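We begin with a single chain expressed as structure tokens, specifically the form predicted on its own.
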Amino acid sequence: MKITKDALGARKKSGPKITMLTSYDYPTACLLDECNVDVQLVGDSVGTNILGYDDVSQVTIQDMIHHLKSVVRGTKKSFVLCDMPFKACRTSKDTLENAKLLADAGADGVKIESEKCAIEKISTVVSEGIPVCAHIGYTPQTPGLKVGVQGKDIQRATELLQLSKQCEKAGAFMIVLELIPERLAKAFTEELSIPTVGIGAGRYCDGQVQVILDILGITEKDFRHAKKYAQVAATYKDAVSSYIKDTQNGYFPTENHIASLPDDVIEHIQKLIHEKKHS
């Protein structure tokens, strides 16, 4: 059964905690759906993780639509949430037009990074019936914002509290808390009526989101907020190295990897080749 925004909302009270992972392509979407991940996030991190961009600000709406469609094709149960890229949110009008493009491409909802200027944009998109997940704390799309924990002083903590309430009032059905101290995230979670999903925000959020490449051990860098559940990069390299060695030394392919051919067919072909050479 397909997970809906209402079902996610109900999890705040009934549990279990919401699971969210980034998803950028069809095979990953199929695997995550089979594992019953609640939310597959087509994140603008596709720019740096998949497309080789220097920064997420380079991601276009066309990039997002391309990857969103591939994820949607592989998803039957998960709620598919898609990031609104930086360039798609210049004005409320732009935001709505691009949110509609993502919805038409199969997104069940969109995520909007939510500093003060985004509140009106959230309200505008929600008013057109498109579910919006807000995102506060460390927001990678914010120009000049250094990577770091947000809300460690009274002023910033107060700003984030007010912002979270404004996002809820604007109609957001869920909110991502990124790089926020655990005790602060706990206070927000208890104050808000919508689910909170944390990344680097501690144990008391209503759910967690992680980048799929980080938990699989494909990302080289170690992040404090992420746990490597596997070392897929090492397995990947071992497999490719073994393939190269086997191919170069003639160990692959073997008889187990070839198709058979009746004797009369090859005899006929060899006869044709012979006749051509001597004609």
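In this text, all values refer to a predicted model and were calculated from it rather than measured experimentally. When you see a residue number, it is the position in the sequence shown, counting from 1.
Another form, the form predicted in complex with 3-methyl-2-oxobutanoic acid (KIV), is not on view; read the next lines as being about it.
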TODO: Could you tell me which of 65-73, 28-36, 244-252, 207-215 sits within 4.5 Å of 3-methyl-2-oxobutanoic acid (KIV) in the predicted complex, going by non-hydrogen atoms?
DONE: 207-215
- [ ] Taking 4.5 Å between heavy atoms as the contact cutoff, choose which of 176, 125, 107, 201 touches 3-methyl-2-oxobutanoic acid (KIV) in the predicted complex.
- [x] 176
Task: Residues of stretch 92-119 in contact with 3-methyl-2-oxobutanoic acid (KIV) in the predicted complex (4.5 Å, non-hydrogen atom) - done: 111
